[in-house]
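What follows is a single chain, given as structure tokens, in the form predicted on its own.
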């Protein structure tokens, strides 16, 4: 658990004072912390009363992560946390497909989403009907879906993967014909990695993208390296292959943080959503962030006010509901991920 039962404005300020990303969005003065603390303490009190737990993706705002978050991480780690928790209610501060994954694994628990924007450009790029059409066109292929997909899409696929395990799982799948969806940039990186590993895989991929990661340009890396010759470039596999090729490390959000913790480097260009940059500034104050990052409007639509509201007076739209047939099929897809991860 990350948060105490009660926090003072000074304590919150000490946690957040080093964070300076996203323009004025993530800058914290003592005065701002004084305004946030009543919300934070009320939320933490309600959690105890309602036997609720708050799962927080690294991309949401720092006051949520370090104020009310019980578990913080990437989609894979949070899915495991959702499975392990004894809480009867899960508030998932992220995007809806992540809350759906928690519901798939915990059908008996209430799952609530406190985001005001219900979407994700990557997850919304494909639906179940499109997957069924693709399966008819490619009947011999094993369909592998990124965890950043809806429950209905997972229910139509064979194996789910994350950015942390996609390469190992695809290599372990006994079929040499793989259809990966929905991220075309991760798909292109997957093709290159299978070639590098000399794995005999014929990989096709869909054309979806994450609008945050697709905008990074190789010229950005070139300019930063000229100014900071010792910088380590850290990127997410949802970035373009040209970006990943020029990076010192490529991995999931959790893997990025682990890399920065273990390397002796002091300067980093982080090519992913700004939330991870905020975590770097808070958790590794001796390390320096150079260059810019990009905000995800969907992740940042999670707010303390919305978390308090869904705990107090949730509306029907806040709940995650999945039909049982769809849930069971999607669960098999996720269980296949655990199988191939351990094989």
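Positions refer to the first chain, counted from 1. In this text the structure is predicted, and so the values were computed from the model without any measurement.
One more form of this protein, predicted together with a small molecule, exists but is not displayed; see below.
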Would 82, 154 and 327 all count as contacting the small molecule in the predicted bound form, using a 4.5 Å heavy atom cut-off?
no
Residue 166, heavy atom within 4.5 angstroms of the small molecule in the predicted bound form:
no
Exercise: residue 279 in contact with the small molecule in the predicted bound form, heavy atom 4.5 Å:
no
Any of the heavy atoms of residue 59 lying within 4.5 Å of the small molecule in the predicted bound form?
yes
Quick check on residue 236: any heavy atom within 4.5 Å of the small molecule in the predicted bound form?
yes
Which single stretch, out of 190 to 198, 103 to 111, 74 to 82, 129 to 137, brings residue heavy atoms within 4.5 Å of the small molecule in the predicted bound form?
74 to 82
Can you pick out, from 269, 98, 178, 145, the residue that has a heavy atom within 4.5 Å of the small molecule in the predicted bound form?
98
